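Coming up is one lone chain in structure tokens, specifically the form predicted on its own.
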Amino acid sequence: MQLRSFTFIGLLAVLAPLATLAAGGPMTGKTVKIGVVADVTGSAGAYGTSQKNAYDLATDDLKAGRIDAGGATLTFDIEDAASDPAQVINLIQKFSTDGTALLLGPTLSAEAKKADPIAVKANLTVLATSNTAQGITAQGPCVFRNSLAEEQVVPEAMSKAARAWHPKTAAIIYGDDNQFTKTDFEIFKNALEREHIALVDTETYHTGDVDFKAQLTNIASKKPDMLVVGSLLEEAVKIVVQAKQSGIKTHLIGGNGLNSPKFISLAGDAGTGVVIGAAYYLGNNYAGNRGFVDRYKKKFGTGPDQFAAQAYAAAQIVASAVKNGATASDQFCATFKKLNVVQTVLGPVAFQGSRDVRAASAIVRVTKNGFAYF
């Protein structure tokens, strides 16, 4: 009996820590603060609201065990930059000094170009979830992004459009005062050249413009086979609607700024058929995506867009890094650089040596019922 008691007690001593590990995980008891800068309101509010929703859902899913952070508690401190560049800078400064372990955001590339250097100077690791302009990760050795850059997606979108439409000529309209839209122009222009499509007209506008009739009249006079829209959501909707009103019946294509359910609802019939070079399609079959879409719809009443999916994928990537021991900024930087492939709602992702993401694109077109693969 004594031997049995000793053996049983000894067995319990061995199993107890294993049971604790299984129940909680290697990072149980750790709390990691993640700072989020998102344009929940303002001109980019459609994007930032999606991001906030995704982090709220990720918080639920961490608690439910659907996202595995090794037992650690992740807190997403979401701050609204209100599409105000000055507020973005203020928030980056705040997160650079308050013990934040990692920065997610800001929403727009133009904001990131001004604010990321502040984080770099403060040795705060950055993971950009929606900055697709050129040069984002080049700002510092610990600036990463899980959003596909336009230069990774646009050439593929243009190649598919060229094969489907066989266009000979194209026109471009883009915003000439925004980092993202200027990037779109350059990348689309280069993609047109590679496909041997002649650029017959280039028109510009300024952020906040609402009347594009003059530019569209000029475009209509050139009768291009394709119209490229280098724009964010607010202006893109107006351009597409006014293009139809102007009698332009050509094929339309744009970058990921158009990849939002709001584009479909606001553009109406004018948006049907528009092709978008993007990084996410809510109908993809990647592991966990269908459950993510269902939970997002149930919680927020609408399906997730690319900005929500990229934010949720960022939470999955962060959780994987934390599970591997990252709790401080320098540890996140080191872990991201050697991080193996992470399965996310965007599909399998990893970081390249440039700290840009390696992931699949999603070239989609607008239908009356939503998005579909192009």
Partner chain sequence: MLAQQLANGLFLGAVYALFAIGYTLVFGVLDILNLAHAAIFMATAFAAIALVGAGLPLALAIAIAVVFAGLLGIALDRVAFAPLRARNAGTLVPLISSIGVAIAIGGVARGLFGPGEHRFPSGTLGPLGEGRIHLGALAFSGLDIVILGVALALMGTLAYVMRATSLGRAIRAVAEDRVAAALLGLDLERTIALTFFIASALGGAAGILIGLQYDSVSLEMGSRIELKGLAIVILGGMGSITGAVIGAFILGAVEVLSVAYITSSYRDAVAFGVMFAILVLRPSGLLGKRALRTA
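All values reported here derive from a predicted model rather than from experimental measurement. Positions refer to the first chain, counted from 1.
As for the form predicted together with its partner chain, it is not shown, yet the points below apply to it.
Legend entry - Options 253-261, 287-295, 199-207, 272-280; stretch whose heavy atom lies within 4.5 Å of its partner chain in the model of the complex: Only one stretch passes the 4.5 Å heavy-atom test: 199-207.
Inset, instruction - Sort through Thr302, Gln152, Gln242, Thr75 and report the residue having a heavy atom within 4.5 Å of its partner chain in the model of the complex. - result: Contact with its partner chain in the model of the complex is made by Gln242 alone.
Inset, instruction - Quick one: from Val237, Ala101, Val229, Cys142, grab the residue that has a heavy atom within 4.5 Å of its partner chain in the model of the complex. - result: It is Val237.
Inset, instruction - Establish, in the model of the complex, whether Ser329, Gln331 and Thr335 all lie within 4.5 Å of its partner chain, using non-hydrogen atoms for the distance. - result: No, none of the three is in contact.
Inset, instruction - Although its partner chain is absent from this view, report whether Glu193 comes within 4.5 Å of it in the model of the complex, heavy atoms only. - result: It does not: once its partner chain is placed as it appears in the model of the complex, Glu193 has no heavy atom within 4.5 Å of it.
Inset, instruction - Decide whether Thr137 counts as a contact residue for its partner chain in the model of the complex under a heavy atom distance cut-off of 4.5 Å. - result: Although its partner chain is absent here, Thr137 would stay clear of it in the model of the complex, with no heavy atoms inside 4.5 Å.
Inset, instruction - Please run the contact check for Ala162 against its partner chain in the model of the complex: heavy atoms, 4.5 angstroms, yes or no? - result: Output for Ala162 is no: heavy atoms all beyond 4.5 Å of its partner chain.
Legend entry - Proximity of Asp225 to its partner chain in the model of the complex, heavy atoms at 4.5 Å: Flag for Asp225 set to no.
Inset, instruction - Go through 153-191 residue by residue and record those having a heavy atom within 4.5 Å of its partner chain in the model of the complex; state none if no residue qualifies. - result: Counting only heavy atoms within 4.5 Å of its partner chain in the model of the complex, the single contacting residue of 153-191 is Asp176.
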